[in-house]
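Same chain, two forms, each on its own as structure tokens: structure 1, then structure 2.
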Structure 1
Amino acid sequence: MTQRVLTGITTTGTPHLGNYVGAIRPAIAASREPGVESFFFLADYHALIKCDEPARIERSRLEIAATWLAAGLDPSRVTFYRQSDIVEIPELTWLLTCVASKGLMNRAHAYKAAVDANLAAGEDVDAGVTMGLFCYPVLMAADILMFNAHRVPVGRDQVQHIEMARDLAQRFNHLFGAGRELFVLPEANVDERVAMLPGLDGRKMSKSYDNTVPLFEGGAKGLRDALARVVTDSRAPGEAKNPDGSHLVSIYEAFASDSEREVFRAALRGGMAWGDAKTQVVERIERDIGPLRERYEELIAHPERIEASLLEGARKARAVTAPFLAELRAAVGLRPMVAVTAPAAAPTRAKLALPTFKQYREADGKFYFKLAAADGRVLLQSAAFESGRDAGQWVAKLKTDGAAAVPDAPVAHGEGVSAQDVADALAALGGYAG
């Protein structure tokens, strides 16, 4: 079966060497593997959450699209599009919003970080927080689920979002699938082998650290000037240098073959000057990206070619999304008014019901609780507590911390109940271990 791989880049900045090595180059390489169907897109709706400067959004969309194309993405092999061209995505976002528990969204890292910063500054918890930021994970889930992607290559910081997409998919399947899996449960792909490119100061190359090397902007001179600022130690020309732990060496190795690496390391051990080493690094990188830069500049000079390619991508994407959204609309009850079936005598409430916690007191005078599935099956049974308050505190902890709280809780699993059953039930209640 073909694997669907999908990833997006938020269009708020100019691509740097770290984006190329960490995201664009591996994604394009993966798209050439057999049995893989790739979807790459410009996350321009996500960009609106972080940026209210129209000119910057416009410029970034152009630069990021030109970068993908110049880097060798073949739009006839992959589906390459703008998120904002796919009208089904905001519609699916709404369907998912209606099953997303607010408690789950409260735990999203980006929102939590904003709240923590507000608290630290003595501000109102939600100062400066838009509903866009709060619902960021739901829009991202729609991006992924709309195409039933199996794998989502992302950086570590995005893994929680993919887990939330899985939760929403599971919830939606359970409520509306009528036994079918409407959505594939996506998995995050964090490739540990992909070099984490250090920036000028040795920390991860990132716009937020202001330590980046531009990929194409500024031409070969821009590359040379930026790399001249990579921090090295103060060993003089002729002195032996240790290649291990040198950021310059790591940058070189993100482009070099095994034999080139050996030669470079040996030269440093033999006393090559840092200045000469930097010249070699510039030349090695330029050999790879010089030809791409020419294509990039050609594309930037012809935005209408990029536009045509993206519109063609949107057409291909919508051939997938339009029929699928029609199916999803029907699943939730938004159907044409023909042959309307009367609701079954038994209300469908049972299916919609969530798992529940029940607290009670036994004849022994002790307090207990249990977690029951919607169909009444006992998932967790507590030990006896001396006070109702103690029992209540464990219930609250399980609700907020989800599956993470189970190992320490004084509870036993019900007959034939797996840890995953319990984790799913707690996630549906809003508990989230992430």
Structure 2
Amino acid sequence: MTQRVLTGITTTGTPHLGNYVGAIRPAIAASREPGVESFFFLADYHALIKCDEPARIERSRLEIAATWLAAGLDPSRVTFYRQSDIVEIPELTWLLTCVASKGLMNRAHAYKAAVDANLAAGEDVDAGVTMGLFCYPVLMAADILMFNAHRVPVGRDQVQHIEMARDLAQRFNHLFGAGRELFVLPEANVDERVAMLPGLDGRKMSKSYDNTVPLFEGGAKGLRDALARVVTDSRAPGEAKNPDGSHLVSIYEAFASDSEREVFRAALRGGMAWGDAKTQVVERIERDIGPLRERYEELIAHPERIEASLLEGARKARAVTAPFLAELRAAVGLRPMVAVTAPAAAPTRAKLALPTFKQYREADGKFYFKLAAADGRVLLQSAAFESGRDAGQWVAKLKTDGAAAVPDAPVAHGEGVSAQDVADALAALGGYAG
């Protein structure tokens, strides 16, 4: 069975080591697994929740896209796109919002943190809280469920959002699935060893804490200068050091092999100076990051190449999202108003032996229509449509325009049926709603 893997990064800043270790690297590795269909995106709608600086968002989208590609993402093997290019995602967000309970949203970590900060400052509970922040988990659920992703590589702090996406999927399936599983229930994919890389001060590496280590920005010097500021204990050179709980060791082990980890830990227990340890950490990370940085700088210099990749990714993505949203719209009752039975109060029309259009759905999941004569002969048979709406639009056009619409319509004449037979039938239907 093919599994879908999906992940994205919010476009509000420059990617750092925490993004690379916690999301980018494991996601790219997953995309290379056999039997995996991968979707990677720039979460630029999410960026609007926390950033009102257009230039910053614009620059961040470029830098993050270049980072994905430089890190080894292959657009020919995956679907790589901007969230804002997929017009179906906001509509699905609304469908999910209509089944999301406020109580569930109240429990979201980001909202609770904002409330706690307001209470501590003596402010109104919801001071500064936008509906974007409050409904953030619904938009994230739409990102995931739009593609029915099975696995979502995330940091441990994001697991709650995957659980909320599962809750919304189950609720929607129950209300509108009619026995079908419209949405797959996603699973969080967390690498327990490196899922939350510590920053310079030991807290989660995050732009909001200003404790990040740059991935590419500033080159090798920027990496070295940042790691020089990692907080360590006061043990002097020659004194034994405890590797357990060391932020510097955690950063090193996110890149090192098992044997390298053992050697590094043994050196610290043997009294290696923290300055020497930081030099080793820089050298180990640079072995992995240096070659990627060169590719990143080349991409930044040619943004038109990145744009072309993203537009192609959006085309591939919408080939999935457009028909699926049509199915979801039908599930909630947002269906085309076509093939309506004639009112009983029109006896003169009810007595007429008129041709009829019939719409139906076959076992292949596609939608079709046919024009049948009063004696049951098939006059026109349509090709397959992805949605009932598309089929209904052609029925309406044929009724309105008559024989003039036939040459452009995706239809074939029935056996032994002439163009005049079809023209006469359509003329007989002129203005008739049955």
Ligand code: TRP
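Here, residue number means position along structure 1's sequence, counting from 1. Just so it is clear, the model here is predicted, and its values are computed rather than measured. Whichever C-alpha set is largest while still superposing within 1.5 Å between the two forms counts as the rigid core.
- Of the two forms shown, structure 1 is the one predicted in complex with tryptophan, while structure 2 is not.
- In the core-superposed comparison between the two structures, the C-alpha atom of E53 has shifted by less than 2 angstroms.
- Once the rigid core is overlaid between the two structures, D201 counts among the residues whose Cα shifts by 2 Å or more.
- Once both forms are fitted on their core, the CA shift for P34 between the two structures remains under 2 Å.
- Look at D288: with the core superposed, its C-alpha moves 3.0 Å between the two structures.
- Here the two forms are laid over each other by their core, and the C-alpha of A277 is off by 5.9 Å between the two structures.
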